[in-house]
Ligand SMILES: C[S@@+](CC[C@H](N)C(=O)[O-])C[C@H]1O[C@@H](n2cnc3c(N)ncnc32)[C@H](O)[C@@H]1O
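Okay, here we've got a single chain as structure tokens, the form predicted alone, with questions on binding and movement later.
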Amino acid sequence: MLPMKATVERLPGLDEQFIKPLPEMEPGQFEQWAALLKQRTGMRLPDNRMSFLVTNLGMRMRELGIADFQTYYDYVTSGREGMVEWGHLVHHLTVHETRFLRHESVLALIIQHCLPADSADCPTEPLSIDVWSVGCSTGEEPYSVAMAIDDRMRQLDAPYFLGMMASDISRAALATGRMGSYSHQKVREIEPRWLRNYFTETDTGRFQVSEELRKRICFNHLNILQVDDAPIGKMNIILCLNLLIYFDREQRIQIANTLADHLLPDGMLILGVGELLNWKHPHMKRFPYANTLAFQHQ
């Protein structure tokens, strides 16, 4: 059950509930919430992100009818129900902007340098391609990569196996990815040929990812700082885009080192441009490609 104070302060009308302003967050309260986020996810929240925190806490607090930050903090940090609630809240605090085909240069890099150049380069046996999308959010990134790989391999008329793991800390985001159903607004940038090949428009006007593509992607709940506790194998391609910026430099290096250890020889690690400067790893070499930050396992 929610704390008694939350029940007492539940607002009487839905409209009033959503328009009543929350109290201002005190600096000490911000530090308290920032410390909790850092402890449980590793992500840092700079002082200039207070408005982000207030907005996203407020969204969840209004859903529950809780009217002050301390009551909600006490609830989130208390017992089993608090941990369940944290699972809902982390979606508001960690899901960031994503869209289909957001990183066209990354897709071009994968097609041109991680896949066979022409049919003559294709092995006689089906080629195995293992990919990991780290911080996959609601699925647009892994589906984009899967479409690009499948389209290229079909052009080469080459048999292949694609095994893609998509991981995120938000269970709600992962549920959206597993479902693979997106609005027309979400798929508007996908070229018509890909839309025809990989989606079906439903009676409700949404676009459903094809079953053939969906079954190639495994969505897994994972905290990137706890990778060592997960049974993750070696990958040909690892994408970790727009995630490292939420960690301090020491943690960025730790994450990059861990990801490098999960690459096969000649495997490619692709990070967000500008997210990790002057990183050195004994088995990784910078792979020059326009508008990308990529490293190849030596």
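None of these values were measured; they are calculated from a predicted model. For every residue, the number given is its place in the sequence shown, counted from 1.
Keep in mind that the form predicted together with the named molecule is missing from the display, and what follows is about it.
A.B. asks: The chain here is shown without the named molecule. Which stretch in 181-189, 123-131, 161-169, 69-77 comes within 4.5 angstroms of it in the model of the complex, by heavy atom distance?
C.D. replies: One stretch meets the cut-off, namely 161-169.
A.B. asks: Which residue, 41, 56, 29, 236, has a heavy atom that falls within 4.5 Å of the named molecule in the model of the complex?
C.D. replies: The residue from 41, 56, 29, 236 that makes the contact is 41.
A.B. asks: Only one of 145, 217, 224, 89 comes within 4.5 Å of the named molecule in the model of the complex by heavy atoms, so just point that one out.
C.D. replies: After the contact test, the surviving option is 224.
A.B. asks: Check residue 94 for me: does it contact the named molecule in the model of the complex (non-hydrogen atoms, 4.5 angstroms)?
C.D. replies: Yes.
A.B. asks: Check residue 33 for me: does it contact the named molecule in the model of the complex (non-hydrogen atoms, 4.5 angstroms)?
C.D. replies: Contact with the named molecule, no.
A.B. asks: Within a 4.5 Å heavy atom cut-off, is residue 103 in contact with the named molecule in the model of the complex?
C.D. replies: Result yes; residue 103 sits at the interface with the named molecule in the model of the complex.
A.B. asks: Does residue 260 make contact with the named molecule in the model of the complex, using a 4.5 Å heavy atom cut-off?
C.D. replies: Looking in the model of the complex, residue contacts with the named molecule do not include residue 260, since no heavy atom lies within 4.5 Å.
A.B. asks: May I ask you to list the residues of 229-250 that have any heavy atom within 4.5 angstroms of the named molecule in the model of the complex, in sequence order?
C.D. replies: Going through 229-250 in order - heavy atoms within 4.5 Å of the named molecule in the model of the complex - the hits are 241, 242, 243, 246, 247.
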